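Heads up, the chain shows up twice below as structure tokens, two forms, tagged structure 1 and structure 2.
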Structure 1
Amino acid sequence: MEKIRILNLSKRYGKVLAVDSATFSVEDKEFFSLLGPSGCGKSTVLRCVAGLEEPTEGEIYIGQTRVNSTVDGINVPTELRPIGMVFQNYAVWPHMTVYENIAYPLKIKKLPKELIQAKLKVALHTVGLERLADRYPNQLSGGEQQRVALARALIKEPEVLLLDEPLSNLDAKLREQMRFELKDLQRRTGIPILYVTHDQAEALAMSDRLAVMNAGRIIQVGAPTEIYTHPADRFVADFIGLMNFLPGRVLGRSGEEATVEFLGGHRLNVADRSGLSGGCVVAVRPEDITLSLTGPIRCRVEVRNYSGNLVDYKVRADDAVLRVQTPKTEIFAEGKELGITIHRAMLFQLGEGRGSG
């Protein structure tokens, strides 16, 4: 069942079209991420769902309720939407204790005191803040404030949880840890989450599905593996993970396979349904390349970076510089003459999307 449904959503600020006819939906129990570079309109989509911005065009459903429709003039105010939200800066109220912060949504609902106390006990336990209930936010660490914000968003048992870059203010270690906590929390509560981030690693790691946005438009929606292995265009290919882009030419195709020529005459058969012909861009993931003494394409190691679990090379082959990542089983010295083998590649149209060649 769909918990959030967004149809043709557009939002215009003066001349800026921040969101351009976005359409997607979030299923029940799903962790759904909106991923894209800064300024692409992710937050704007989220804020429209929350009712904090009014769409210029489009419809939004939360559960079965239509909360926005520009055609029928519907715009349910934020305070009546069944949502919980965590802000990038947490927005924990500095003049209220942890307890008061978390209890506030229930106080607004005018629940009886005993019920509030009972629910608070559970909530404080869920986020592990029992001992800090009487503290003020300025006596809390960033991670603790984060949890207060989460508990406050969950306490009114919303139908969906909206998170706008909730981890971006935390240090790297804590961010890792909170990723797991969030994921765990969602599994336990089963609440659908719409999550906004510009960190592709975070989105890939946490999401059931994600939507990649660029310049206000949704480029691709899919599961992390799908988006990683079959990016819809060059922008997505570039934005998600590392990618080498090389100029090439389609020589011919048979069925779902195309033969491309690149790197100074090297030929490769590539699974491809794009129907491209002639000049194209060949995209290769660093981990789809192996280095060996005997590889068919001659190259020279220019830079080598040892980074814990793998080795990161920049090699020059023909006129191009390629990123190559290999497991650390065999380590080659800088300046060494080697050969590379390319196992997999994708084809994109010339001059499309962003990306560095």
Structure 2
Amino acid sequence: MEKIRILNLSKRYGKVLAVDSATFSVEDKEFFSLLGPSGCGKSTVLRCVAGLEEPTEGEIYIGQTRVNSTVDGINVPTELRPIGMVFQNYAVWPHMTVYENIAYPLKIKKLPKELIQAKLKVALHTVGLERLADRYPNQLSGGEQQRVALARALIKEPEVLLLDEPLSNLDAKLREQMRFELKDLQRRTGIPILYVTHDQAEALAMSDRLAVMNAGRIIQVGAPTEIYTHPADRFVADFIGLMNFLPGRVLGRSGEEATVEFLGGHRLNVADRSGLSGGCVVAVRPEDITLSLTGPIRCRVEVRNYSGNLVDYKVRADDAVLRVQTPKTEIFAEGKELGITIHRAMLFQLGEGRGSG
């Protein structure tokens, strides 16, 4: 069942088209992410769902309720939408304790004290803050402040939860820890989440599905594995994970397989349904390359970075520089003459939109 449905959503600021005909849905109990570079329109979509921005065109449904329709002049105020929202800076009030921050949405509704206490107990337990109820925000870590903001959003028992880059202000280790906490929280509560981020690792790790945005448009929607292994275009391929792009030429086809030539005459059979012929771009993930003494494409190790769980190399082959990632047990010295074997590649059209990285 769809918990959020967005149809042909557009938003203009003067002459700037921030969101261009976005259409997608978020299912019940689903963790759905909007992913893209800064300025792509993802936060604007979220703010339109929240009622903080009014769309220029389109419709938005939350559950069965149409909260926006530019054609019919519908724009339900934020406070009447069944949502909880957590901002990038958490918006935790510094003069209130954890208890007071979380209880605030219920107090302004003037609910009975006994009901507030009961709901507060559940909310504190859900985010693991029972022992910190009497502390002020300046006595909390960044992760604890984020959990306060989450509990305040959850205590209203919203139909959907909207999260706008909530981990971006945390350090790297805490950010990784909070990914698991957020996913676990979503699974326990069953509340569908619409999550905005520019961090591809976050989106891949937490999402059931995600939408990749660029320049106001949704480029591809799918499960993380689908988008990583079968990107819709060069932008998505470049933005999601690391990718080597090399000039090549399609020599022939047999069914859904193309024979491509690149890197000084090396030939590779590539699974490809695009129908490309002639000049093309060959895209290869670093983990789809093996380094060895006997690989068919000769190369030289220029830079080696040891990352603990893997070794990240830059190698030069036929005047091209490639990123290669190997298991931590395979360590080659900088300057070493080796060979590479490419196991999998993707093909894209020459001149296709380039990514940001």
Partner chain sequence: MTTSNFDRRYLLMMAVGLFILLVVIYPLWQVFFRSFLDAGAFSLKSYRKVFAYPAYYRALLNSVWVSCVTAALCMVSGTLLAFLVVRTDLPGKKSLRTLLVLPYALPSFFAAIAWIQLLGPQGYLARLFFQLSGWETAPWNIYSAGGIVFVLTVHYFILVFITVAGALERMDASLEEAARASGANTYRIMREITLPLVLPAILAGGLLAFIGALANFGIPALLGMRARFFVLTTSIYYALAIPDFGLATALSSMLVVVALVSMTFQFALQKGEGRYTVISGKSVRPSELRLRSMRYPLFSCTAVFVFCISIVPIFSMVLTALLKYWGAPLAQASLTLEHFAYILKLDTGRRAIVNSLFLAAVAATLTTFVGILISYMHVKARLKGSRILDFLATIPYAVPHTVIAIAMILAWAKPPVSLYGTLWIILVAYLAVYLPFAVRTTNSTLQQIHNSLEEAARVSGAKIFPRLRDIILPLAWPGMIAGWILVFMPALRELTVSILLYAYHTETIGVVVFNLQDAGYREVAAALASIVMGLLIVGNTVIRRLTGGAAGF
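The term rigid core refers to the most C-alpha atoms you can superpose between the two forms while keeping them within 1.5 Å. Just so it is clear, the structure is predicted and the values come from calculations on it, not from any experiment. FYI, numbering is relative to structure 1, first residue = 1.
Matching the description of the form predicted in complex with its partner chain is structure 1; structure 2 comes from elsewhere. After superposition on the rigid core, the Cα atom of residue 220 is displaced by less than 2 Å between structures 1 and 2. After superposition on the rigid core, the Cα atom of residue 273 is displaced by less than 2 Å between structures 1 and 2. In this overlay on the rigid core, residue 200 has a C-alpha that sits less than 2 Å away from its partner position between structures 1 and 2. The rigid core superposition between structures 1 and 2 gives a CA shift for residue 96 of 3.1 Å.
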